[in-house]
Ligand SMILES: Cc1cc2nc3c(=O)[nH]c(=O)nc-3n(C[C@H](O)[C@H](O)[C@H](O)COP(=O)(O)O)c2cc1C
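We begin with a single chain expressed as structure tokens, specifically the form predicted on its own.
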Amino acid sequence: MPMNRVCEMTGAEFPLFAFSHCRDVVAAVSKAGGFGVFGATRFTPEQLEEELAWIDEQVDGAPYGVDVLVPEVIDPAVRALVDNRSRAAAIDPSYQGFVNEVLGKYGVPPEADLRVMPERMGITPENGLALMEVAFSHPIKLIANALGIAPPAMIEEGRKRGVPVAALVGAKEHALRQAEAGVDIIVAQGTEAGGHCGEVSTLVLIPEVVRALGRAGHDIPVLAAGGIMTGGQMAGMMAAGAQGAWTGSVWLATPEAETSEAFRDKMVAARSRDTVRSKSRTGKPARQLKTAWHDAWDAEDGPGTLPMPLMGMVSEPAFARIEREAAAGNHEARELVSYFVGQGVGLVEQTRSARQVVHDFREEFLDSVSGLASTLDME
């Protein structure tokens, strides 16, 4: 019997949703009784097809989902740029010079020209919709969208195929707009989260969104996201009205993740105050592990960040250079190693397998629920 409505909708055994850009994490979580959600944004449609075909073979019928980014708001400065070559050409060469200057201070050799991302890759509406089409060709049990209202095409196709559509929000007014648009699940994500996030804390956002949806007559389940790294936190959010947890950062410290050993080491050593909400990686506010890269771009005398997707076209090749140097033994470059990660990083004490993380969440969740019941003399 499903644990709650969101489990019934998605087929999840335990409502622990694991967002990851790594197929290995997604498959391991789903097979362990959680629900893996594959982040599709950094892939071309052809690459996504390969990744999802692999997941299909690995999960033995266990449910999983896909997360795409179809941004609702596009900066007017880039709206007319229709491909990655034209976007790269629109970036002033001084930005590459600034990248070389920042990285050069940490022993990373300069590159004369900006590398052009492959076509059909990057956070744009057309790329997101193309990835959505690939996702729907697989037996997914959930599709999610962030950065604005879920597009009508996604909601329509989801209903046609019986696939719930989830949307990430950072404020109650966003949740109400998504509900009115017809999404099936709201993922309320607090500012503690890694990646793109708003400014409201998870502890405030969850009950606020649950209350607002109920008062408006929307019977839509809510998943809690942002800083959730333990089963105890998950239980607390469910006590506040959520029906499960949407997690991301906790999986970055698993050996299955796409993260490097250097970054995982930095995660274990990091404090919760070592993250920063910055536009310097994607062009929109996103929380990540703070380094001198962020100090340079966010400084008053810096060049200023570019709009999405241009900023990502500058930053991603730079971080690939950093990772290569760090892996080759450049200890200075390790200081610049960074990734999207939430404030919950301070709760990461060691690396664990994805399967072990699911197991620990279950145990901590049950211990917290039974402990609370015991405290209230309700057993």
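All residue numbers are counted from 1 along the displayed sequence. Everything numeric in this text was worked out from a predicted model, so none of it was measured.
Only in words, not in the display: the form predicted in complex with this ligand, which the text now covers.
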ask   = T41: heavy atom within 4.5 Å of this ligand in the model of the complex?
value = yes
ask   = Looking in the model of the complex, any heavy atom of W293 within 4.5 Å of this ligand?
value = no
query = Taking heavy atoms only, is S249 within 4.5 angstroms of this ligand in the model of the complex?
reply = yes
task = Verify the contact flag for Y339: yes if a non-hydrogen atom of it lies within 4.5 Å of a non-hydrogen atom of this ligand in the model of the complex, no if not.
result = yes
ask   = Is it the case that L168, G195 and G226 all touch this ligand in the model of the complex, with a non-hydrogen atom of each within 4.5 angstroms?
value = yes
query = Where does this ligand sit in the model of the complex: which of 351-359, 18-26, 364-372, 5-13, heavy atoms within 4.5 Å?
reply = 18-26
query = Across 136-151, which residues bring a heavy atom to within 4.5 Å of this ligand in the model of the complex?
reply = A146
